[in-house]
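Okay, so here's just one chain, in structure tokens, the form predicted alone.
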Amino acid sequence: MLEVNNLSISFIQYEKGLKQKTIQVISDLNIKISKGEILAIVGSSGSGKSLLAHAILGILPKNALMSGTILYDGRELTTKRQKKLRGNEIAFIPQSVNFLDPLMKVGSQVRSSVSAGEKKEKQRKIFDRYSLDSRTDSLFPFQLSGGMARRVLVASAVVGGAKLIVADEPTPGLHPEVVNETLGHLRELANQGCAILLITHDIGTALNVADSIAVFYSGITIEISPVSDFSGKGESLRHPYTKALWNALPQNDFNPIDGFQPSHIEQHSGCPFNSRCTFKSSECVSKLPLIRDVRFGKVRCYHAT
């Protein structure tokens, strides 16, 4: 349903006067999602998760430069196709509630996402599902609590019967029961054939609902693994960063590693994790490894076996 190959994104910025510089934020992202699958993307802030979502939707800022290919349903997702499919076949659950139109009542906003059938009836049913009473229809976004606004965003995305849903941190601020309900509904949509890209900081959330997990680090895909590999001490995981991320969780060893994710301003030709990696070799510093198949998963590491 969705395939992203060698995606790179840079931004042109001005320094002193009219001098320009280009900052590479995403270097080499690769993912693939099939119908009926939930792929969760995890990684620290600045790893490129939300930028990937914006690239798929075609809502990158004007100073962005993009290379690589994005295929949707076997065809290139051009700007023209993005405009046609966005909000219909491809739905977006954004990270920020500021995506809601502040001048439009939320009931009308949700109904605008319905392309066929009785719009009012579908909007009312989806509001019932997310515990939004009938009075919510006539409210403006500023009159909603944070949790209510996020539920409206989720309702807007799923009410139209999209084939691909890009969910960027869809559950923060929600009551645990609503979180479980939201994730359950995403799982139900996937079981009905929808492809879902779930972006989250919470590995626990990903494990509860996803089929596979893609790990991003400093703008590259470093590993894609089935959910079942995230267990024990991470013995089944492939990349040193993925193992470190897993073992840093409170329910595991709670064992942090030294160092930081490199800044996008820094230029590096090798693996961006090499300065923090105990397996570092000369080739890790000089050249970025290609992503390859290892034990029914994918990894970008010279030393993974």
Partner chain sequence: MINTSFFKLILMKILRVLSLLMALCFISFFLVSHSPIDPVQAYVGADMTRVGAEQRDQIAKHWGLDKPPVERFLLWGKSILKGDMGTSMIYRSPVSEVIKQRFLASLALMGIAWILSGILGFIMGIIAAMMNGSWIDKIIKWYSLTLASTPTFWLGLLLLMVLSVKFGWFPIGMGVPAGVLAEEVTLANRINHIILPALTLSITGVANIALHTRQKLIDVLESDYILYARAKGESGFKLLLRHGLRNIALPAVTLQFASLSELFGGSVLAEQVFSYPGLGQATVQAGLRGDLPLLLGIVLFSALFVFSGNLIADIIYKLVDPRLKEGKSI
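Residue numbers count along the first chain shown, from 1. Note that the coordinates shown come from a computational prediction; the quantities given were computed from them, not determined experimentally.
Omitted from view is the form predicted in complex with its partner chain, to which the following refers.
- Scanning 276, 54, 243, 32 against its partner chain in the model of the complex with a 4.5 Å heavy atom cut-off leaves one residue, 54.
- Here is the short version: of 182, 205, 156, 225, the single residue with a heavy atom within 4.5 Å of its partner chain in the model of the complex is 156.
- The stretch from 108-116, 123-131, 210-218, 185-193 that comes within 4.5 Å of its partner chain in the model of the complex, counting heavy atoms only, is 108-116.
- Remark: residue 71 does not count among the residues lining its partner chain in the model of the complex, judged by a heavy atom distance of 4.5 Å or less.
- With a 4.5 Å cutoff on heavy atoms, residue 87 counts as touching its partner chain in the model of the complex.
- Mapping the unseen interface onto this chain, residue 230 falls outside it, with no heavy atom inside 4.5 Å of its partner chain in the model of the complex.
- Interface membership of residue 59, defined by any non-hydrogen atom within 4.5 Å of its partner chain in the model of the complex, is confirmed.
- Of all the residues from 118-153, those having a non-hydrogen atom no more than 4.5 Å from its partner chain in the model of the complex are 135, 139, 140, 142, 143, 153.
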